[in-house]
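Just one chain follows, in the form predicted on its own, and it is written as structure tokens.
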Amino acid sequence: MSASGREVWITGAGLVTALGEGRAAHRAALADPAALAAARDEAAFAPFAIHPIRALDLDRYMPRRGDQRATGPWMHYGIHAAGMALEAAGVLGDAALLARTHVLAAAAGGERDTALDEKILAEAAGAPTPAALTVTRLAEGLRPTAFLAQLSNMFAGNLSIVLGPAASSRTLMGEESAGVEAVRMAGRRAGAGQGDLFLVAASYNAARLDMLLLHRLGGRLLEGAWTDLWSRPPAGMCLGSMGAALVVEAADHARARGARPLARLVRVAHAWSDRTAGAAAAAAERDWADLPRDSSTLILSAASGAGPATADERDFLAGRGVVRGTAAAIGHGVEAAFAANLVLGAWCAEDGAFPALSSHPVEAMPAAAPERVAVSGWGVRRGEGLAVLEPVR
């Protein structure tokens, strides 16, 4: 990750999605078509399907009920995944290590209290002074952290408050690119000696009417019957709730404290094309040029399902390796999509296994373990990301 040659590892990972939480749950569900189908909710927001997170044991990483009440599902998912990652890396609860752990969080604005909004609108319709009533009801009804909506930088702040990482903190916004940049910055800083331990966390709540409205107005959401990811129409995105987190650590620091790696983070690249015809492929080609084009490379694609970006990414990836589009299983998590795929990729690298998902075109499952995992993610409107992982043997 750096010219100095300082090796960078992923030493901890956490993931919560509609498939469950942790490695075992995801490994089992990804190989079970019935579990994948059951993870979708096609009724709650019909005609749109989402991939919701059903329930979490919030007490596990957020034991204070006040913290739980002060935060919504969006933060619950990210904090839970971050707790899993820190625990897996042997950092959670270690004050000395946490004091040196930097936080990079990828997030958009947090959810509003929709029920309260609807109640206020109903009252304001018949009120003599609707503006004054609105201000009063918001002040009385909203949790302190949600006035007017939970801000993105509060995600990083709550990670530090609840879990304890106490070094620098940075929050990145900007849809899918935010997740790419969070990982890229952590890897570059660890490789350059600007820190030894980095917590990268991202979160998304798909069960939000405002998000569904936003993406529906943009012509992105799949309506009606479920369709395979790689054959969807341009309006083909199904959102997925998820929290994803990684501990990115300098290898020499990890070795000194006896931490085991999940995978080596070789590099992270981020392009920002103007999306004219062929521009995204040209921008991505520079970063993919040195990767072998054969079945030794597992490619986990964070393609959203919405076109034309998904169709362009599908065509670009064809013939470069064994491709798996994970949004077919967990939905699209926007800011969290890239980090979620990196978590899955790190687990695949350590397990030496290919996930049993459909690909485009449908390929036979390779007999040998993958030599590298490439995580690809082209944003719906902007941003082309690539991360390369290798097993550490």
Partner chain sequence: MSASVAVTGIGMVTALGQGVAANWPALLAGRSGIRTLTRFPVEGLRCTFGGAVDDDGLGGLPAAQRCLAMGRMVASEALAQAGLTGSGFGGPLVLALPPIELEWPQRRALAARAAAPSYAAMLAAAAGDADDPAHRDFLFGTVAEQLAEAFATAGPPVTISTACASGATAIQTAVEAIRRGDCDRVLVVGSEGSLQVEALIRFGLLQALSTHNTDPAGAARPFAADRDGFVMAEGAAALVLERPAAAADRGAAILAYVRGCGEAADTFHRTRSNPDGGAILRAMADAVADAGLAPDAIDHVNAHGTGTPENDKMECLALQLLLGERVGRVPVTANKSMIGHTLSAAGAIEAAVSILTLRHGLIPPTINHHHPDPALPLDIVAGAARPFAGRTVLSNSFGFGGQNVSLVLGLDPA
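Residue numbers count along the first chain shown, from 1. Here the rigid core means the biggest group of C-alpha atoms that line up within 1.5 Å when the two forms are laid on top of each other. What you see is a predicted model; the values in this text were computed from it and never measured.
We do not show the form predicted in complex with its partner chain, though everything after this point is about it.
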Fill in: Segment assignment from 260-268, 318-326, 296-304, 189-197: heavy atom within 4.5 Å of its partner chain in the model of the complex
189-197
Practice prompt. Look up in the model of the complex whether Arg232 has a non-hydrogen atom within 4.5 angstroms of its partner chain, and give yes or no.
Written response: no
Worksheet item: Should Gly90 be classed as touching its partner chain in the model of the complex when contacts are defined as heavy atoms within 4.5 Å?
Response: no
Discussion item. Contact with its partner chain in the model of the complex for Ala254, defined as at least one heavy atom pair within 4.5 Å: yes or no?
Written reply: no
Worksheet item: Looking at the partner-bound form in the model of the complex, is Leu36 within 4.5 Å of its partner chain by any heavy atom?
Response: no
Worksheet entry | Sole residue of Ala277, Ala225, Leu214, Ala96 within 4.5 Å of its partner chain in the model of the complex, by heavy atom | Leu214
Worksheet item: Looking at Leu291, Ala167, Ala282, Ala311, which is the one with a non-hydrogen atom within 4.5 Å of its partner chain in the model of the complex?
Response: Ala167
Practice prompt. Identify whether its partner chain in the model of the complex is within 4.5 Å of every residue in the set Leu121, Leu138 and Arg382, based on non-hydrogen atoms.
Written response: yes
Response to the item:
Applying a 4.5 angstroms cut-off on non-hydrogen atoms, the residues of 56-72 near its partner chain in the model of the complex are Asp67, Ala70
Discussion item. Superposed on the rigid core, does the Cα of Asp117 end up 2 angstroms or more away between this form and the one not shown?
Written reply: yes
Worksheet item: Does Gly126 move its CA by 2 angstroms or more between this form and the one not shown when the core is aligned?
Response: yes
